[in-house]
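Given next, in structure tokens, is a single chain: the form predicted alone.
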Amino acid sequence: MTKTLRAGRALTYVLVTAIALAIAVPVGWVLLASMKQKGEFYGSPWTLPEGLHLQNYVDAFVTARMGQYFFTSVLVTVLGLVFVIAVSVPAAYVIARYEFRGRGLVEVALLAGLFVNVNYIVVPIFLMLVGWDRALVDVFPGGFFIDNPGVLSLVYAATSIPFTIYLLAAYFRSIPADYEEAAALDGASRFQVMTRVMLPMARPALTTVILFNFLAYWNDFIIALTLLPGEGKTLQVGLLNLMTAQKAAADYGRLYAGMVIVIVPVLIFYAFIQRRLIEGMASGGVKG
């Protein structure tokens, strides 16, 4: 039995190490390639760069306008997270804790929303927004709903609300009602109970939905390409334009620098949010 456990543990370590290398090696290769000059790409792809050619990042950030696209992506992602959390937290709390007429229908509708792939409804959303722009052409001659980062963030939030509410409501139900009763006896209002008692205890679930939604918003391509057809593109769409331009110019250093600009914020955010998630789970276990 002991040998079987050791063999299983060794196999687990091997698989985890292989998966980690499968992720780390391409990321490290892109990082090194982003520091190469144009002539270095004609040799072996595994050779180290001759020096730190950081001009690739300057060219990608300024000349290729990746800096502008970066700001647009940050704005859209932050607004989307604010919108979805502001709507989903109170909605999930009410669904989890209060009885009201039609609650079952609301839950069924939210569950149905989990099975809708947003990429399949991009065209209807686009046509709907175009119709609204046409209806308001006298008020907004240049259009309002299309090519608007705020509207894009609302679309992101709206399409991720079912998943967010479902996960938060399930976690709220797992928290004993004794905490709410004690807070109510102390004179706390329903809003105070939700924000000061339930929300801190639901930190692991809240951190999880923030992480998943951040990755979905940041890495989105189809919706951003459709709803932001103008100059204010997101990083993913801007990276496609950069790739097309640099392939024609055979300047791959700038292309890989653009990839690093896209990847690094995700890695930093994930490292930060992962620590918060572990801390929240530990604190939740102590309180339980």
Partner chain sequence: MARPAERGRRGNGLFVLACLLPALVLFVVFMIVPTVNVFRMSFYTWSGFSPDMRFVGLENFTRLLDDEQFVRAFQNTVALLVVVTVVTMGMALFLAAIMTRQKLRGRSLYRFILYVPSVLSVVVIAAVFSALYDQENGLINGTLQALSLDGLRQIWLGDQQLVLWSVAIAMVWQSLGYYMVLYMSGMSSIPESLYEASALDGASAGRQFFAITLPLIWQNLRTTLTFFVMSAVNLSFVLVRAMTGGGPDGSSEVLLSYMYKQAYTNSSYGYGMAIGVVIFAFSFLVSLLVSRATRREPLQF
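In this text the structure is predicted, and so the values were computed from the model without any measurement. Basically, rigid core = biggest C-alpha set you can superpose within 1.5 Å across the two forms. Numbering follows the first chain given and starts at 1.
Just so you know, the form predicted together with its partner chain exists too; it's not on screen, but the next bit is about it.
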Inset, instruction - Please determine, with the chain shown alone, which of 199-207, 70-78, 109-117, 135-143 has non-hydrogen atoms within 4.5 Å of its partner chain in the model of the complex. - result: 109-117
Legend entry - Non-hydrogen atom within 4.5 angstroms of its partner chain in the model of the complex for each of 55, 62 and 167: no
Inset, instruction - Find out whether any non-hydrogen atom of residue 45 is located within 4.5 angstroms of its partner chain in the model of the complex, and reply yes or no. - result: yes
Legend entry - Residue contact check: residue 186 to its partner chain in the model of the complex, 4.5 Å heavy atom: no
Legend entry - Residue contact check: residue 30 to its partner chain in the model of the complex, 4.5 Å heavy atom: yes
Inset, instruction - Answer with yes or no whether residue 128 is in contact with its partner chain in the model of the complex, where contact means some heavy atom within 4.5 Å. - result: yes
Legend entry - Neighbours of its partner chain in the model of the complex among 213-231 [non-hydrogen atom within 4.5 angstroms]: 215, 219, 221, 222, 225, 226
Legend entry - Core-superposed comparison between this form and the one not shown, residue 85 Cα displacement 2 Å or beyond: no
Inset, instruction - Could you check whether the CA atom of residue 182 moves 2 Å or more between this form and the one not shown, using the rigid core for the fit? - result: yes
